[in-house]
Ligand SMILES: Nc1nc2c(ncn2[C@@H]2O[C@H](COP(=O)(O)OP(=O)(O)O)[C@@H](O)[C@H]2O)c(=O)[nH]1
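Below sits a lone chain in structure tokens, taken as the form predicted on its own.
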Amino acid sequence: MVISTIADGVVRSADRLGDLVTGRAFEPVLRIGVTGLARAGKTVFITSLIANLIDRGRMSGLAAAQEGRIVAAYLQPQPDDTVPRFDYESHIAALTGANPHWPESTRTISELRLSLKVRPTGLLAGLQGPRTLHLDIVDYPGEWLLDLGLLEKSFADWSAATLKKLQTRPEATAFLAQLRAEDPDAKLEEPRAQALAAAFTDYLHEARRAGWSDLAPGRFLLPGELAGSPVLTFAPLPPTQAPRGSLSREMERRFEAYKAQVVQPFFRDHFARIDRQVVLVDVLGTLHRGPEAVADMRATLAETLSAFRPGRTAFLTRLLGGRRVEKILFAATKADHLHHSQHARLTHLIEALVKQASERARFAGAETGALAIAALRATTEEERDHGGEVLKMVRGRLLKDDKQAAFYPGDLPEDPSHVLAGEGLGDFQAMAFAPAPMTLRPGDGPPHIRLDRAAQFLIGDRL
């Protein structure tokens, strides 16, 4: 695979030298990547995880915390000076302030280092002092992750696959109409190329709002400093034998430049250095949007994992170069939108959605897990009698009008295979809640659901 070839060819002499200089052999570093598509809750997950590792009163599912072996947890300057810092302080203030609100979503890569001082366990525990484990948490948009699949595709292959999907999507109507008015063999005129790329970008935005998952190229949605550049000025075109200087040949050149100048550097500098990975999935929102969205999400997750280089990394292998993702956690977020009696079914759904991807990772030697979580619990539970039937509901502050409401979304299907087949969705509905005001006791982080179990899976073996 092209991705594996590039990753395995990365030389990390500078990293290894830095390890020796800073003593990382004695204070190990674990890099945890956190990603997910839009509205999956990446920012909230990282913020709540950090807060609950600093104040561990709600982390009984993390063995080292439950045993009292974590002596201290503190933030430190991040090691990568050219990567923006994850704005933890602003995000935790937004979630826990007098008027709590959801923080701004992920728009670029960011990083934060949390250091844990841990007492050792085992026969020699009494003879050793506390040791330090550094957690470098890397937050990046899920749309960027989808771009990694482009590395294995030619412009013609990508165009054919993309245009085939767009034929059935109403969000693409305007772009397809503009595409039909263009002649790919005609001489390149930059204003027409820009207009076509803009129409394709508009489609991607509409597709994201409609709940579609396959949104590559991701930088079209989050361009940052690349906005308006030629590397983001291309669009899929039908097959042709276009001459040099034509619209088609220039679009192909820019597609290749996008892979070489945008996607590969991200993979080389950030993604290929990750040890553990969290993939957050808004399963409930996907169910709400219907069977086609479920099928799209399943295919996207399978393609996503093809970008990972899963497998165990021994100490010597890492010292000599070539990290591989050791653990991957797939987490269905917003479990607090359901009564706890439905959580097992939500877990079964995420397991079914990622089954193909998980099997591929396990075959390569990585450990995978699936959980239903809520990084920040925004609801409470209650039961009401309705026509002789007891409805198990959740109550929270509605995002749309700031009013309190009790909500029964319906039951999730007991058999996830029905969902994957486009059946059994019933009348399930999703609701958007705002974060609830909270009063935290000393030593307690924000309320959550199974965030401690997620932490145990990701870092428990290193504590």
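Just so it is clear, the model here is predicted, and its values are computed rather than measured. The first residue of the shown sequence is 1; numbering continues from there.
Only in words, not in the display: the form predicted together with this ligand, which the text now covers.
Note that among 371-379, 352-360, 386-394, 239-247, the stretch whose heavy atoms approach this ligand to within 4.5 Å in the predicted bound form is 371-379. Distance criterion of 4.5 Å from any heavy atom to this ligand in the predicted bound form singles out His337 from the list Arg219, His337, Lys259, Arg276.
For the candidate set Trp158, Tyr88, Phe266, Trp102, a heavy atom within 4.5 Å of this ligand in the predicted bound form is found for exactly one residue, namely Trp102.
At the 4.5 Å threshold, heavy atoms of Lys42 reach this ligand in the predicted bound form. Although the partner is absent here, Leu49 is not a contact residue: none of its heavy atoms lies within 4.5 angstroms of this ligand in the predicted bound form.
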